[in-house]
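Here's a solo chain for you in structure tokens, the form predicted alone.
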């Protein structure tokens, strides 16, 4: 697969007489609201550039997992991808702040920061690692879901093996709340739940549904411990090949798609909630105060990092 992609590297930002084409790979299904946002970007870019700059989308993990897509960007085999901000923390440490439990008070607070100075700093900071951010997409709040044990407080997480994303911040977050963090690929999780390798996981509602994890897990706990956005990334090798006009087209198309993606997200969550109720999933709305208190050491530890403390202070004061 890598040889095939590498062979098409030149094509993935190739210039014909009339246009350039950017290959965009991601791991979500085409029904997902984030994929719909990417399609909106594709359509807006085609319109704004009059077809001179176009995106070709490879969804559903066709070219690999999130981490593999990031690595393909770094070596220049594809131009663009979409990843969770937590996955980026393995490459650009500033993104660790997006996985701090309860840092963002609500969705308005999240996007007030992501669409301001903090977001600009994060998006541009990844360039040092050959990964330049273009925009943030709404990925809602992440909450725990379990197979057999309802969770009403952090004490109920004690002894539960909970799948988390494969980054240190996600592991620290789950462990701080009392769970036994178990990193693994998202693609392996359904089988791991079936075979009792793990007792539960944590994610947002659309991912809980699109992965069919609700077939195995019948408790969804709205503790909403983190609000980790998705990030649209372009490899700097391709960004640097674009003219100022082309960069302007891409950024304008991305901005337009962000507004549409938020609508797609809200509509999908509403539809999914109805479906989950009909499927017999029990929704639990715990008191968040004990979760907030127990997770405080995660933020306190990161506040000791001189590079991250100013960003956290800015978010807290906004």
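The shown structure was predicted, so the numbers you read here are calculated from the model rather than taken from an experiment. Residue numbers count along the first chain shown, from 1.
Form predicted together with alpha-D-glucopyranuronic acid: not shown, discussed below.
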Only one of 78-86, 149-157, 233-241, 109-117 sits within 4.5 Å of alpha-D-glucopyranuronic acid in the model of the complex by heavy atom distance, namely 78-86
Answer key: of 143, 172, 207, 182, within 4.5 Å of alpha-D-glucopyranuronic acid in the model of the complex (heavy atoms) is 207
Partner-free chain; cross-checking alpha-D-glucopyranuronic acid in the model of the complex, the single residue of 214, 102, 186, 136 with a heavy atom within 4.5 Å is 186
Mark residue 63 yes when one of its heavy atoms lies within 4.5 Å of a heavy atom of alpha-D-glucopyranuronic acid in the model of the complex, and no otherwise.
no
* Contact between residue 257 and alpha-D-glucopyranuronic acid in the model of the complex at 4.5 Å, heavy atoms? -> no
Review point. Should residue 165 be counted as a contact of alpha-D-glucopyranuronic acid in the model of the complex, where contact means heavy atoms within 4.5 Å?
Key: yes
Item checked: Non-hydrogen atom contact residue 226 with alpha-D-glucopyranuronic acid in the model of the complex at 4.5 angstroms -> no
